[in-house]
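Before any questions on how it binds or moves, here is one chain, the form predicted on its own, in structure tokens.
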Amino acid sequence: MTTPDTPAIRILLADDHALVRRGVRLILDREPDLEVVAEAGDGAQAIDLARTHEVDLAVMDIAMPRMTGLQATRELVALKPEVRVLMLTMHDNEQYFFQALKAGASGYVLKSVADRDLVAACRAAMRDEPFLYPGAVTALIRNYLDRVRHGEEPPDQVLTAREEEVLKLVAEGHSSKEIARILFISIKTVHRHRANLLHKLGLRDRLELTRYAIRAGLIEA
């Protein structure tokens, strides 16, 4: 929810179908903390609008003329690294999903469940937390298991020392504000570390982080 001191998240919406844009805009604009400030019909137009508008988040279709959503995401992330990008697509496709992550997208939402997932995905992206639909999580796990089978298992020390500190404090029940104070870092940095932890470890939430910390011997059960 917004307050007078927290302006709405400014969203650039890019899809080559006007009807889709209208439907997505209805979903987003009914939320007080979300505001669509620009609409594009293709990736190239999205980049042009990103240059002329103050945007916090871009919601991109993948298949668009002139410049695809994947190409536009790469350009937008390079142009404005602070802008988050969500892919909104009809394609429940592992190849597109991995390409979207590689391009710099913060999340991957299916159009078929946009009315259920899109608002949560927008808010998660702005918290620097990845948002993945269930099939994408399965794809990540399958990809990891394939790498293990082929001898590409990651090293034992997958977390940095600072990430281990954050993990321990999260598992002990400290809030992000408390962790920031204890470690003398910003709350935004804490959120980034938490998102990295979830991504690296393939976990979903604080409960799973706590279980991992217990198994890793960082805290006692």
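Just so you know, these numbers come straight off a predicted model, no measurement behind them. Take the two forms, find the largest set of C-alpha atoms that superpose within 1.5 Å, and that set is the rigid core. In case it trips you up, residue 1 is the first one in the sequence shown, and so on.
Not on display, but discussed next: the form predicted together with a further copy of the same chain.
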Segment that reaches a further copy of the same chain in the predicted complex - one of 31 to 39, 48 to 56, 184 to 192, 170 to 178, heavy atoms within 4.5 Å: 170 to 178
The single option of V83, A125, A114, A103 touching a further copy of the same chain in the predicted complex, heavy atom within 4.5 Å: A114
Close approach of A8 to a further copy of the same chain in the predicted complex, 4.5 Å, heavy atom: no
Residue contact check: L201 to a further copy of the same chain in the predicted complex, 4.5 Å heavy atom: no
Contact test in the predicted complex: L26 vs a further copy of the same chain, heavy atoms, 4.5 Å: yes
Residue contact check: M90 to a further copy of the same chain in the predicted complex, 4.5 Å heavy atom: yes
Any residue of 11 to 45 that, in the predicted complex, places a heavy atom within 4.5 Å of a further copy of the same chain: D16, H17, A18, L19, V20, R22, G23, L26, I27, R30
Residue shift check between this form and the one not shown, rigid core fit, L207 Cα at least 2 Å: yes
Direction of Cα pair change V83-L203 in the predicted complex, magnitude 3 angstroms or more: farther
